[in-house]
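Just one chain is shown here, as structure tokens, and it is the form predicted on its own.
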Amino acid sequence: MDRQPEEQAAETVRQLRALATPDGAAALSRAASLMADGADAVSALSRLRAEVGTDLAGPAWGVARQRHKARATFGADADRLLFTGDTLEQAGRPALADRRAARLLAPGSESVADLGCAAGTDTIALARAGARVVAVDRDPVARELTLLNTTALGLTRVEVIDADVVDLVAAAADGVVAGCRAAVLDPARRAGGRRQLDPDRWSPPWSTVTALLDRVPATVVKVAPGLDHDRVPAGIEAEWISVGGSIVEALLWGRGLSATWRRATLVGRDAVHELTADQDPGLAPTGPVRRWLHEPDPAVIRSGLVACVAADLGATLIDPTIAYLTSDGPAANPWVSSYRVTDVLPFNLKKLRALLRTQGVGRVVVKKRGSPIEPETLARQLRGPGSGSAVVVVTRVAGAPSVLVCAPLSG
């Protein structure tokens, strides 16, 4: 850390500690009240400075704003937790942290090292699940947030320490790291505001990730969803998790916890679905476009399990390099969204526009896969006076640029 970040971190820690006092709690309550009344930032800060003092006004308003954003994800806990803008953006979903904690502790581990605790989302989930937690981070703001947040929630079996994860993993032996028999690691994958695509540039780097997986069997590591499958060590289960049609997390489960080769998990509002394979299923067969097009969930695609879904549906790929499936009938299957195909034609803007006009289609949703087109631009180009709607899928069929015009089906 150079001097300026050190000074910034020290000031942030000071502000967080001030907000954790009774006066700070009163300032946060007043800021939340002003926000609920619809006060704008300028007038709210002016009133807060007059009522609680200049030292607390700005930090209280900032945390109140973060709490407001956090309520949808953190529920009632949001009004007891402290966040900075960066830590809230990076914080994991509590429901997923609870799920990780349950699986991590299932074999009987009583102590867990949270290696890179950030704002303490995993530490909170693990402590609530009954574990003794050693929360580790070099960032003083992260340590302070974890300490204050676990204290606010009444979680006492938490120790927060300043240590280098690389050194702790290097010293791990006999399945123990930082005095614990289980670990969760979330490497930092951004530097200087930019995403680090190369795992060797993560902090800690990939060599530390693999060393931890080798030395501590009861380990779960959060990784980038785009991680190359070739990076996954033998005997390690890789899991991709989607919520609302987007991948939100990818995990590597250590050999003491691995139960399969690959896992896709879909977390829905009312249920969690899991799809697993003990070995690589290979590619699904390819065939011509039939009456229905099926778009697999991204967790299925990233986990390499499209062939498993294809087998369940009696479906084939429309192109060996494109993750769209086709079959003769609709699919009551949580892993795909289905569309009834009405027309298939080579990609030609003029002919496509004419076809949609003939069908009275004025509004389209454009999807693409394997095509350089911009969906928003094409949707504007295809907008017309008709009252009908359609889904236009721009992709490749047997290697040829093609368009599938579909009627949507909820899936």
Ligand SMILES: C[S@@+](CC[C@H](N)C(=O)[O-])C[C@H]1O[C@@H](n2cnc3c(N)ncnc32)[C@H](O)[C@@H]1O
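Heads up: residue numbers just count along the shown sequence, starting at 1. If you're wondering where the values come from, they're calculated on a predicted model, not measured in any experiment.
Keep in mind the form predicted in complex with this ligand is missing from the figure; the text below concerns it.
- Stretch-level contact analysis of 312-320, 133-141, 332-340, 229-237 against this ligand in the model of the complex, using heavy atoms and a 4.5 Å limit, identifies 133-141.
- Of the residues Cys180, Val220, Val300, Ala91, just one reaches this ligand in the model of the complex with a heavy atom at 4.5 Å or closer; this is Ala91.
- A heavy atom within 4.5 Å of this ligand in the model of the complex is found for exactly one of Thr326, Asn149, Thr265, Thr121: Thr121.
- Proximity of Gln196 to this ligand in the model of the complex falls outside the 4.5 Å heavy atom cutoff.
- In the model of the complex, none of the heavy atoms of Thr260 sits within 4.5 Å of a heavy atom of this ligand.
- This ligand is not drawn, but in the model of the complex it has a heavy atom within 4.5 Å of Ala163.
- Taking non-hydrogen atoms only, Ser203 approaches this ligand to within 4.5 angstroms in the model of the complex.
- For the partner-free chain shown, nothing in 323-359 comes within 4.5 angstroms of this ligand in the model of the complex, judged by any non-hydrogen atom.
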